[in-house]
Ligand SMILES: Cc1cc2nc3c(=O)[nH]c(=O)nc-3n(C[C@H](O)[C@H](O)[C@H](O)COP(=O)(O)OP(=O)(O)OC[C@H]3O[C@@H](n4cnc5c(N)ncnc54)[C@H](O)[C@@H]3O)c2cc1C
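Just the one chain here, laid out as structure tokens, in the form predicted alone.
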């Protein structure tokens, strides 16, 4: 039987898009087909990362996707304001889509969802079928009984203002705003002297989003900031998983042998929800795969997901402290306390590369949550499968 491709990448989001780019660059002999159920690749997102999240080689190949880059960033809390002298960068869906469309051309098929998927074939809603040596599923997060999650939910608006807004660098967290629905902060990216992305963000127990309420909060924030009149360029919203615990083996088994990448394989930073660094690492991993059969790719990707999950157990414990050791409106105190630490340690935290001394230092000092509540959460952390 003749095959339509060597690899079908099902889902045209961040994870599969970067895999496609890396394969097209490093293994041009492979025939790749990207199938996206939505109208366009990449959706409507802004993905960001810190300089320390990636190796030098990874920085070099991701550079064409970067829409904006800054040398430092600020955080703001009721009792602490600070500037961190480490770099920060963002990738826009628009840049992502343009680059991949130019690179892949007719190897992208968008606008028709898949209705039947196997490790070697995809059937679309219009009854067209495509076969390949293997299919990689990168269609994003889906509900799973095998993960215990909190949620990072947000509404973002990109504005072009009539006059300069005055911000020189990102504000990664402005938690001086009223605390409600968990830990709340505003995230601001200055893309130009007159253009800003402003997001109202919550670390919440419930994964529901009232966009009208959040639009009102953003309007109030802009008024207080004194940015003046402007034009709304676009709006994005999302609900990202924050990992509290779970059973990685059961999660992987639920894929039924399908090679899987991205959020569905818990490949995101457990605390920040950032997914771009993991997507970059996986794209390199797949581009070096010696065996691109479904079995070979599943073994490779499943082992990687298990290793990542094991390495990041400390972050899930911190998340349980954040969500369960204090009142929701007091959660900001934990982040405020954390941001007292030196720049290099904070950078290693964002890169999910903490050493033993870092882990001890993060928990040192006067606890920002009630002691007995923290002890209860820490004791629960020792239960099987990290049940909280």
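Residue numbers count along the first chain shown, from 1. Being a predicted model, the structure only gives us computed values, none of them experimental.
Keep in mind the form predicted in complex with this ligand is missing from the figure; the text below concerns it.
- Query: Do all of 270, 330 and 354 end up near this ligand in the predicted complex, with near meaning a heavy atom within 4.5 Å?
  - Reply: Contact check failed for every one of 270, 330 and 354.
- Query: So which of 193, 216, 113, 226 reaches within 4.5 angstroms of this ligand in the predicted complex, heavy atom to heavy atom?
  - Reply: Only one listed residue qualifies here, and that residue is 113.
- Message: Just to be sure I understand the contacts: of 65, 350, 47, 323, which is the one whose heavy atoms reach within 4.5 angstroms of this ligand in the predicted complex?
- Response: Selected residue: 47.
- Message: Taking this ligand as it sits in the predicted complex, is residue 153 in contact with it (heavy atom to heavy atom, 4.5 Å or less)?
- Response: No, residue 153 is distant from the partner.
- Message: Within 4.5 Å, heavy atoms only: does residue 259 come near this ligand in the predicted complex?
- Response: Because no heavy atom of residue 259 falls inside 4.5 Å of this ligand in the predicted complex, the answer is no.
- is_contact(residue 276, this ligand) in the predicted complex, heavy atom dist at most 4.5 Å: Yes, residue 276 sits close enough to this ligand in the predicted complex that at least one of its heavy atoms falls within 4.5 Å.
- Looking at the partner-bound form in the predicted complex, is residue 15 within 4.5 Å of this ligand by any heavy atom? Yes - in the predicted complex, heavy atoms of residue 15 and this ligand come within 4.5 Å of each other.
- Item | Residue stretch of 163-171, 177-185, 134-142, 287-295 approaching this ligand in the predicted complex, non-hydrogen atom distance within 4.5 Å | Among the candidates, contact is made by 134-142.
- Residues in 210-238 close to this ligand in the predicted complex, defined by a heavy atom within 4.5 Å, in order: Result: 236, 237, 238.
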